[in-house]
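To begin, one chain is listed below as structure tokens, in the form predicted alone.
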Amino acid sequence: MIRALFNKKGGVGKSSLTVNLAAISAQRGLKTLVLDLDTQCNASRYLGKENAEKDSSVFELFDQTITFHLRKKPAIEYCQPTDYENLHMIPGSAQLGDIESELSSRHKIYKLKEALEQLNEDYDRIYIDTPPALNFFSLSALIGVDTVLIPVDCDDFAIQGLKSLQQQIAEITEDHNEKLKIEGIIANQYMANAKLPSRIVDELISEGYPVIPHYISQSVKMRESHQEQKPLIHLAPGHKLTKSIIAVHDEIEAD
């Protein structure tokens, strides 16, 4: 199973949810891979892999498709172990943006799909953190995954953005990846005592969006988790925030 977390809006918690869902998967005994496609490399930083060498990052995985190499490395050789059992990562790179236009002009949009097909033979679950834009790299991911999870923050722009995003995903499904589906909308940074988040979520549900019925609240514990570079399942397994992300994980795995 290959999942991407994607939203064209930044600051909705993609990287945090990618790492934490993957860490829960690994903790449950599933061999799990995190692939960081965001040039901000937040997922890589979260797992202590922000200083990966260029030739062992996702940059080289793409770059070898457009430059001469005596030996092209298979995708599995880019997968690095983390500090956690069953959890591996292909680290991100800020240099991805340097080769995006060339990759696009040379029609390499299906190269990630080919790599993911190989990796899917070695991993039970693959989670992809995507950039907050529909660019070459996020499109490459959506072409190669089984499902997409869409984190949203609960403000008035969420519904407007989702309408356009849903249409774009439908076009990708039709043109490039017939198996692609929206697995769920994750309500993140949810404030239970505020009226607006509740109204936004109710509107999304009433309009037929597949909102996962477990909401992720705001908590300083997430920032502590980032600082410690330790996923919540290992830092604070009994915390309310951790339990809510576990509930999201178990919901998507139950489908």
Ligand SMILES: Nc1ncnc2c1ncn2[C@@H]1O[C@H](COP(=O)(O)OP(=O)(O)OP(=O)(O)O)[C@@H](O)[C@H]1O
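Numbers for residues come from their place in the sequence shown, where the first is 1. Here the structure is a predicted model, which is why all the values come from computation and not from measurement.
We do not show the form predicted together with the ligand, though everything after this point is about it.
Put simply, Pro132 is close to the ligand in the predicted bound form: some heavy atom of it is within 4.5 Å. Proximity of Gln218 to the ligand in the predicted bound form falls within the 4.5 Å heavy atom cutoff. His226 belongs to the set of residues with a heavy atom inside 4.5 Å of the ligand in the predicted bound form. Using a 4.5 Å cutoff between non-hydrogen atoms, Asn42 counts as a contact of the ligand in the predicted bound form.
Across the options 202-210, 27-35, 66-74, 186-194, residues that bring heavy atoms within 4.5 Å of the ligand in the predicted bound form belong to 186-194. Looking at the ligand in the predicted bound form, residues Gly10, Ser15 and Met222 each place a heavy atom within 4.5 Å of it.
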